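The chain below stands alone and is given as structure tokens, in the form predicted on its own.
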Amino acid sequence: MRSPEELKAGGLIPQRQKRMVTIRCMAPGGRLTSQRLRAIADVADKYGRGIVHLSVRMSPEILYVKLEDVEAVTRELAAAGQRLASCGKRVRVPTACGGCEYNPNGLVDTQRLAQEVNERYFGWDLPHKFKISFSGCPTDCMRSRENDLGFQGEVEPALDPNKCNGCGLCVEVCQEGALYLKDNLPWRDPGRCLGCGDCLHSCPTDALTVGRCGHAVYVGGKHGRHPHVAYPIASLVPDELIFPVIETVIHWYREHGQPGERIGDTIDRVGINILRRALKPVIGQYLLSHVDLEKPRWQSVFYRGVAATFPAYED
């Protein structure tokens, strides 16, 4: 008889009903083919009670499966290309919004990154669960600050003054008040700008274009019984450095984390600057400093009515 931890490692969640489990199916980025959806529905009808629950992190879960049917269920799902997910102390299936594939607000390709992250890191053993998310823009549908490692798309606009006609539309659409007109040209306040790109979409002359585009990086978030707001650690990190960031953070967590300790608690105990030193050779120019933390968006985040402030970073 397998232990509860062994069951969870294989994507099987023990139910309160004796000798019954929930089968957690893998859906990286929340994406499934219609073929896999049909297979999940067929298995739920055949081996469960015709019920599929969608977990908070986008995983379809087949309820009320008997332990003796698990092997058959796994085999039939695999025939349709459907793998099982995982629970417990390891890297989980990443979540992602639609990103820039079809969402007009998306700035980065969250789906591609989520699929590749899943292939590279899913199931790696760690001191505790480890959740990775990708949001395509500062709307942050995937709640970057509530994940162990969260990435959020952002853009830094660039201005071609020769194309600008001074119409001020970009100033009007900016919800953050980060733009203002001076000498008939838009000027940007970096301390207010969230990097959403709304100004780029509004410009009728294409005077505003993408200067830099990348990801804000947050480490150490979690929800649950004892929520923890993630530490903002980097900004405008390009796609090609995402995997080095993930691997550096994971290896740091393995070295410093204690058994049963989430990475946010590890950072609280060891210190954010220790993690920052590990990341500096990888993404030095993109790391946030104490100056960056003076921006309103970084100073504090209200979470369930409690203001969480962040310690000063060493440069």
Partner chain sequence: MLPAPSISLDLRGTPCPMNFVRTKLALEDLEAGQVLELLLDPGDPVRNIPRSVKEEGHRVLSVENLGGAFRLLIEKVGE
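What you see is a predicted model; the values in this text were computed from it and never measured. Numbering follows the first chain given and starts at 1.
Another form exists, predicted in complex with its partner chain; not displayed. Remarks below refer to it.
Only one of the listed residues (80, 181, 173, 210) places a non-hydrogen atom within 4.5 angstroms of its partner chain in the predicted complex, and that residue is 173.
Of the listed positions (235, 86, 202, 115), a single one reaches within 4.5 angstroms of its partner chain by any non-hydrogen atom in the predicted complex, namely 202. Contact annotation: residue 105 falls within 4.5 Å of its partner chain in the predicted complex, judged by heavy atom distances.
Contact annotation for residue 167: at least one heavy atom lies within 4.5 Å of its partner chain in the predicted complex.
Proximity of residue 198 to its partner chain in the predicted complex falls within the 4.5 Å heavy atom cutoff. Although the partner is absent here, residue 101 sits far enough away that none of its heavy atoms falls within 4.5 Å of its partner chain in the predicted complex.
Heavy atoms within 4.5 Å of its partner chain in the predicted complex belong, among the stretches 202 to 210, 123 to 131, 239 to 247, 222 to 230, to residues of 202 to 210.
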